[in-house]
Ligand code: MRU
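The chain below stands alone and is given as structure tokens, in the form predicted on its own.
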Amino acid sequence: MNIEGVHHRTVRLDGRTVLLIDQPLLPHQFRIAEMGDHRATAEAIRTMVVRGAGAIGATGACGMAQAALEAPEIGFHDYVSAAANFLRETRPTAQNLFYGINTVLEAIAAQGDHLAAAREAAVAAANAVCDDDAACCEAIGQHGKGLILDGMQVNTHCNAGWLAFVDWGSALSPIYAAHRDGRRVHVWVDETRPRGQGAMLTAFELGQEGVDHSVIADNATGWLMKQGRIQLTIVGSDRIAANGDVANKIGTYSSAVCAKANGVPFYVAAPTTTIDPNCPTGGDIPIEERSGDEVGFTWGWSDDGVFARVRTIPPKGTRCRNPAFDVTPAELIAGIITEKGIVPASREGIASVARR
């Protein structure tokens, strides 16, 4: 991730502190948030200081390392187990969170009652989760960049770039790789209501990388597809079921339906840590519903230079509903771009790359 030409990772463990790019402040302000213990780290996940499948998976792993470093000698394993449950409860949909937590738990358990070794193993495992996430996303870019021809116009939804992972991203990684290879590409960025991750985060990333882009209202995507101004769509994923169904940010399903109707190839990019082989279909994926305040209010800078929350559209007293994700059925997906290559969105395709 390059911000003003300086490389950053979204998530990093520094001693007992988890360092996170404070995403709700972007694009207005860049700040590194410091989480001093696993409870603060969990709260950062819950409140979306950090968000995106890979990023919260890495943050969950780092939170578990914090718990191992904090835990007393008496009751060490009980403390760690309670911390794991606390971290799991922050966000229910993204599979990477559970992968990150469980990977560190397994490393701790392998050391038995050798507590010093268990603490070291937890830190090593958390750092390995972070490094693996970055490496997988870089590989996704290399496998996916061949889909992007010179001069192509590409659409994406939400933010599945650097900020959603430790580095490189999933859906944006092929775009970055193609751009760095010298191909001209224009990205149509869905604003992604209600939190505006596309307008705020994806546009910020693409601008920092120098990729040509335009932000559009979510309901403009289908019309641009019909006009032939979008030739390819790539989105990320928060969980992929064993049959190839995909959960992603709310609005993804609508884009996939429009893409199918207009003959636009619709790809999903995700590391294999996003696959949940124990989830048979998309109907089995838990869908998080967040506070309706995210629909009724937004944050931004006033003309007076104050960063504040303001009511947007609904009249006072109107009830707002806020499902955070939807499920796109496998039959609408042209393929899934993973670090192991592009596979069909099918039970066989998923099984060929899923981690055991």
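Counting begins at 1, following the sequence as shown. All of these numbers come straight from a predicted model, not from anything done at the bench.
FYI, the form predicted together with the named molecule isn't displayed, but the following is about it.
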message = Within 4.5 Å, heavy atoms only, which of 295, 327, 48, 69 is in contact with the named molecule in the predicted bound form?
response = 48
Heavy atom within 4.5 Å of the named molecule in the predicted bound form - residue from 173, 255, 273, 248 = 248
ask   = When the named molecule is placed as it is in the predicted bound form, which of 222-230, 76-84, 126-134, 157-165 ends up with heavy atoms within 4.5 Å of it?
value = 157-165
ask   = Within 4.5 Å of the named molecule in the predicted bound form: all of 53, 197 and 236, by heavy atom?
value = yes
task = Using the partner position in the predicted bound form, report whether residue 91 sits within 4.5 Å of the named molecule, counting heavy atoms only.
result = yes
request  = Output the sequence-ordered list of residues from 281-300 with at least one heavy atom within 4.5 Å of the named molecule in the predicted bound form.
outcome  = none
